[in-house]
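Take a look at this single chain, the form predicted alone, given in structure tokens.
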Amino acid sequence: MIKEVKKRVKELLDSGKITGFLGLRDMNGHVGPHLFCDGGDLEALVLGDRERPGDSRYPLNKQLIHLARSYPEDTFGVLVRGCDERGLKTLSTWNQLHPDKVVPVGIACPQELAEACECLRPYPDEFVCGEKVEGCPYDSVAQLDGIDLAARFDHWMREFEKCIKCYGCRDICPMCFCKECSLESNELIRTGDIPPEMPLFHLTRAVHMAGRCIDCGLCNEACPADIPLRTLYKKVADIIDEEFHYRPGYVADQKSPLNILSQPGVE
């Protein structure tokens, strides 16, 4: 399967259509991001620990933003799954990436990963390898919606109390692109002070993710306390969809209803 990806990336590099390709590389038994600038280096390119999409996941779009800011005139290729592609589309509407400067190389996620993520669309619009599988419903959200409001409140308070305030969910999120994070503002918490008590952190971040979360689930994987953050953000996404008929990244060039600063006619 990876042969098709390497072939496509080599074509892009050799033709000069991209300056480099942001993908994954296995170094000393650890998979991490790597910028491939020469077709001859692609032997080290991997899709995951066992050469399958999803075995090792990394917020490549977050690294792509840094590349784009440093080299605004260059065009880069990037390895994307369904959620990564949704991220590219959403980042474009927030003016973080220029779509003409990004060339996605898509891979479809396997069925077991789609089910584990409860992903509605576990594949990009166009992909060079993998097999298109059906999306999965949000069972985790439905289970919580099935209990009464007081029990739901108690559930989330118990989950938030487990938080050790490591900021791992924010740091790994490909949609956290603010140059200055309001969660670190002196008005909220001053350097050296004890961080604010829960649930302020998670409720503030959930509001910020409204209309931006692309359901990649990396926050869940990064959380050392196993807080089901993905379920929280899925619920927020459902509310935005119900109220505004919008899910981030499913339609190219469609802006979030909360992205008002870049809407025409808004002062």
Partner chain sequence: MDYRTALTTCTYCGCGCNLYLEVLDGQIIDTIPCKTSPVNEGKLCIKGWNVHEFVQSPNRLTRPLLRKEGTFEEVSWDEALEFTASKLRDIKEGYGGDSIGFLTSAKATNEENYLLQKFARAALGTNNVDHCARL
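Numbering follows the first chain given and starts at 1. On a predicted model such as this, the values are computed, not experimentally measured, just so you know.
Omitted from view is the form predicted in complex with the partner chain, to which the following refers.
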| property | result |
| --- | --- |
| Among 71-79, 93-101, 138-146, 117-125, the region lying within 4.5 Å of the partner chain in the predicted complex by heavy atom distance | 71-79 |
| Residue among Cys129, Cys163, Ile172, Leu183 with a heavy atom within 4.5 Å of the partner chain in the predicted complex | Ile172 |
| Heavy atom within 4.5 Å of the partner chain in the predicted complex - residue from His208, His202, Arg57, Lys235 | Arg57 |
| 4.5 Å heavy atom contact with the partner chain in the predicted complex for all of Thr19, Gln63 and Glu221 | yes |
| The partner chain contact in the predicted complex: Pro33, any heavy atom under 4.5 Å | yes |
| Glu43, heavy atom within 4.5 angstroms of the partner chain in the predicted complex | no |
| The partner chain contact at Gly168 in the predicted complex, heavy atom, 4.5 Å | yes |
| Non-hydrogen atom contact Ile240 with the partner chain in the predicted complex at 4.5 angstroms | no |
| Residues within stretch 85-119 having a non-hydrogen atom within 4.5 Å of the partner chain in the predicted complex | none |
